[in-house]
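Below sits a lone chain in structure tokens, taken as the form predicted on its own.
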């Protein structure tokens, strides 16, 4: 085998120009693939982190029937075992208790439906950026206060101002109607049209008292250190959650999940086209190299060299060309991705405003995930070996006399 590799390496540089061009083509394809995938994955992670940070969190623990039928009757009381596990998991940065309920918000003659969200302000600041989206006014600090935050569009519809008092009416856990008077301390602008038009943030203890829920919640919202740890943590949480459901951001935001999946498919199709072009280039290079040496191969066969050893030499040439090109391509791809990681692509002007309006950050980032480099390298190597099959088949069928006479 050592002799075969030496022969293969020498054969590669018998036509330096062709070999160099082939390596350059493969290196460029690998660099382009790694750079594009890095930009895709980095931007996906950025948008996921930004989207889940606004409201949903990476993971939510809910009553098993709550997602299909949101109702206070499908609330639950988190036990000590679950809370203890969440507090000790190294990948969980923070969690917050939530209550989600429907109600009516009224001021004078103006009454509108409202999405009530009971929160722990101190915990919510660590889990989501909801309280960072204050458009005007200020946030409330205590979970037992009668101060609230409302969506900026809801404030306009109610025709009230910050500092005014309103009435909130909602059905409690026991079926009775609960109502209280609250003071608006500020408005929120998240970019999510529904929340901005109907959202109301209330202290969780105040809402629990108004809805007769005691210590029950509709969700525990969890923030992770890295989106790549999502599956690990969700699987680990299931035993601790017991009968309750452990839902990831993909379950909670299927529209974003499907949009990313669709964009990912388009990126993969582009890469397939790129690799297909590279495959034809490799086939051409190896085939020309084999045909040019038919006379040489014929002589080798005539003196007793087995066909399979000649085929192994050609395969070894393909492997060496590909591995050398992969090394250069991955280095260049890493350098480009690393630069974009340090210097994200920032949008400005109308494009930036459009991104912000829909709750996305106006920038693109890259990624340095090791799996991305490994996958690209393995795919490229497989395609190169498949591309060498046809030239090797021609070589394997070569007869010594025909090879010697070939001109």
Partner chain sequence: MEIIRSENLDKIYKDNWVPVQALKNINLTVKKGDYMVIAGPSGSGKTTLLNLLGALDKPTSGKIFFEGADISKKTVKELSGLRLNKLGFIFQAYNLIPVLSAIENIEFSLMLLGKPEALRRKLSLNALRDLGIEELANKRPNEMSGGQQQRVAVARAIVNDPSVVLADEPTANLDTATGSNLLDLMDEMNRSKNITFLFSSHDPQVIERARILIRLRDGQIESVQTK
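Note that this is a predicted model, so its numbers are computed, not measured. Residue numbers count along the first chain shown, from 1.
Omitted here: the form predicted in complex with its partner chain. The next part is about that form.
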{"query": "Its partner chain contact at residue 305 in the model of the complex, heavy atom, 4.5 Å", "finding": "yes"}
{"query": "Close approach of residue 10 to its partner chain in the model of the complex, 4.5 Å, heavy atom", "finding": "yes"}
{"query": "Contact label in the model of the complex: residue 299 to its partner chain, heavy atom within 4.5 Å", "finding": "yes"}
{"query": "4.5 Å heavy atom contact, residue 404 and its partner chain in the model of the complex", "finding": "yes"}
{"query": "Triplet 14, 295 and 400 all within 4.5 Å of its partner chain in the model of the complex via a heavy atom", "finding": "yes"}
{"query": "Contact assignment for its partner chain in the model of the complex, among 126, 309, 81, 142, heavy atom within 4.5 Å", "finding": "309"}
